[in-house]
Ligand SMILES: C[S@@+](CC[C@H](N)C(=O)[O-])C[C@H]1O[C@@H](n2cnc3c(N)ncnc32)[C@H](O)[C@@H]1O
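Next up: a single chain in structure tokens, the form predicted on its own.
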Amino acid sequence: MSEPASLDPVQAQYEAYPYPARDPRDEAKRLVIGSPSDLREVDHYLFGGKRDWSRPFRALVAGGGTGDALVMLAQHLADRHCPAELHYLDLSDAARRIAEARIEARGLGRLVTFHHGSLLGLAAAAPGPYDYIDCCGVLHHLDDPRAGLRVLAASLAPGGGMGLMVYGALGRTGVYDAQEMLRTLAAGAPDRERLTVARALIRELPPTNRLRRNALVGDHLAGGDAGLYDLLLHARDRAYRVPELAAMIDAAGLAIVAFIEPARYEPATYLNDRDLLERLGPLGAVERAAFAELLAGNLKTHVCYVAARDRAATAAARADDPAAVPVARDVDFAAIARGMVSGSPVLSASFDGLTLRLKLPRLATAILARIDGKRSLGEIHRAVAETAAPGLAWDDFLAEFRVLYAAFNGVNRMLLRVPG
């Protein structure tokens, strides 16, 4: 299947091979969850954990594809009975039809308005302002990503923010080598022929080839025609390192609130040598993230939340607020506490072939056992001070909690909510 040559090549690709491949019937079985745009993250990182979801909320999914972010966001908002207004924008009619069918399968059509068009034509196709914008896997396919991000930034409501995802250059080692080889072998050929050539090349890659050695990317092996085409035959595709991404965000008048997962962008996650860590001490947040990217070498995407420069530093919820309620993201803290070994507890988490071991504080078990999504930090402190650590002062509790929070928030398993 091929689209007419008059179409933009990226639009033609997604008309022929909507990505990622999704079956609306699967909505009865599961909800696809991810980052950005999990509503717990949006609240924590962009609204200080204080967003009142009984108030109207207007959001845009820019380049919504087959609907993963849209469906997740719509379901989360419906679950909170939020009077939300969601807008979906994409160039591909084929992708939009799949997203529409998924939304209808969940009975969420009342929340969503679908638009056909380019992100660069947002002001005409789906004008803002928006409290929140999701732009996941889109900017890196634009002719001018910076122009695209400026358009999105201009559509934000005061106090709003965005969740972004772009490809990471280091984790995609070998992908662009293969793209170059396939342009040599099959440029201009019909789509089916290009897919056949791509599969033949994959079979013939020697063990020393950088793509063959990169176990982090697998759409060419398990993603069907759409996954193979998107990874190795894409018409327009680039990847970023942290400094390039930060520069593009800055040029749009925005700043990074946080990367997801935060611990992966912190050099101290990987290093123990005190001298090395001291040498990194003067670095700012972006410089530390750039160093961590080089150190880890396995970041195949960059997910981040961004806000206007003048509010980015204060947009996220604070881990020293006695009113803040720790919220679990897809884990059971009480069960973790029960399974902890006494002594020097650590949190282990694996990401793209690398297992991180993050130190936990002495009172980790006592604190985790009391996190239930309802108790505030002040209440948890009082409970711990009454039993596990009699007389524990607030400042001493806070020192313990900060270490705990750095670990669990660092792997995106703990967020904060501040009830109104």
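The structure displayed is predicted, hence computed values, not measured ones. For every residue, the number given is its place in the sequence shown, counted from 1.
What comes next is about the form predicted together with the named molecule, which does not appear here.
Asks: Would Gly137 show up as a contact with the named molecule in the model of the complex if we use heavy atoms at 4.5 Å?
Replies: It does: once the named molecule is placed as it appears in the model of the complex, Gly137 has a heavy atom within 4.5 Å of it.
Asks: Whether Phe408 contacts the named molecule in the model of the complex should be assessed with a 4.5 Å heavy atom distance threshold; does it?
Replies: Answer no; every heavy atom of Phe408 is more than 4.5 Å from the named molecule in the model of the complex.
Asks: Although the named molecule is absent from this view, report whether Leu233 comes within 4.5 Å of it in the model of the complex, heavy atoms only.
Replies: No, Leu233 sits far enough from the named molecule in the model of the complex that none of its heavy atoms falls within 4.5 Å.
Asks: Whether Pro24 contacts the named molecule in the model of the complex should be assessed with a 4.5 Å heavy atom distance threshold; does it?
Replies: Result no; Pro24 lies far from the named molecule in the model of the complex.
Asks: Within 4.5 Å of the named molecule in the model of the complex, heavy atoms considered, which of Asn209, Ser118, Thr301, Thr173?
Replies: Answer to the contact question: Ser118.
Asks: To verify the annotation, which of these, His220, His141, His87, His76, has a non-hydrogen atom within 4.5 Å of the named molecule in the model of the complex?
Replies: Checking each option against the named molecule in the model of the complex, the one that comes within 4.5 Å is His141.
Asks: Which of these stretches, 247 to 255, 197 to 205, 118 to 126, 316 to 324, has heavy atoms within 4.5 Å of the named molecule in the model of the complex?
Replies: Flagged stretch: 118 to 126.
Asks: Even though the chain is shown alone, can you say which residues of 7 to 26 have a heavy atom within 4.5 Å of the named molecule in the model of the complex?
Replies: If the 4.5 Å heavy-atom criterion is applied to the named molecule in the model of the complex, 7 to 26 yields Val10, Tyr14, Tyr19, Pro20.
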